[in-house]
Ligand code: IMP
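The form predicted alone is given below as one chain in structure tokens.
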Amino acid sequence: MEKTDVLVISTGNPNKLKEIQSLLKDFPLEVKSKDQVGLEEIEIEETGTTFEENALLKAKGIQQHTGTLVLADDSGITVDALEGAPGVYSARYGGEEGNDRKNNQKLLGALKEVPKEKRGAAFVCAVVVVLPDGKILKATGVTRGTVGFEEKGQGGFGYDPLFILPNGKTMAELTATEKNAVSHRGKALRAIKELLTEEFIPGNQEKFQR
């Protein structure tokens, strides 16, 4: 099948878009951001109480404008000692949407008195794809680790410099390929790719047309 079908990503985050495009680069879909299809002014309010609910809101919100396949994800960090916080509020935990520095500083402050053995955490990513016919595909990826005492590494974004994997490295100390292999987003997107592959069978291609 030629790579002529479009998959619109419901995000304006260039870092997230880059990761998703990398993970889907071998899939027969043209991956574009909502900005690239002229929807840069559209912002979907994330009123869900779970990652999956927010991902579905974002996917449906963009799909009604495009009619194409739309993929959205919602992700964040859940910290055991904070009873799962910041969770769905991860991107705005520090008070300003998408400010990684403020988010990381607030998390370090919240865990200031928490010892190493109680700093368990998980990165969670829920991915939803809405097809033109209304069918919904869902997948979730989870990566366990711990929260460090200081930021380490120059790669990644978000909480990556604080999130320590079982191998002792932070997510930000990994190469892009290494990160994709173990990250919550990588796990969720690989699962979604499997579900999409099931849709790409002879006789069903018309479902992917606008």
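All residue numbers are counted from 1 along the displayed sequence. Note that this is a predicted model, so its numbers are computed, not measured.
Keep in mind the form predicted in complex with inosinic acid (IMP) is missing from the figure; the text below concerns it.
Interface residue remark: residue 141 is not counted as part of the site for inosinic acid (IMP) in the predicted bound form, having no heavy atom within 4.5 Å. Among heavy atoms of residue 27, none comes within 4.5 Å of inosinic acid (IMP) in the predicted bound form. Inosinic acid (IMP) is not shown here, and in the predicted bound form it never comes within 4.5 Å of any heavy atom of residue 34.
Inosinic acid (IMP) is not shown here, but in the predicted bound form it comes within 4.5 Å of a heavy atom of residue 91. Not one of 80, 146 and 169 comes within 4.5 Å of inosinic acid (IMP) in the predicted bound form, counting any heavy atom. The stretch in contact with inosinic acid (IMP) in the predicted bound form, judged by heavy atoms within 4.5 Å, is 181 to 189, chosen from 181 to 189, 34 to 42, 62 to 70, 146 to 154. Residues are counted as partner-facing when one of their heavy atoms sits within 4.5 Å of inosinic acid (IMP) in the predicted bound form; in 32 to 70 these are 46, 58, in sequence order.
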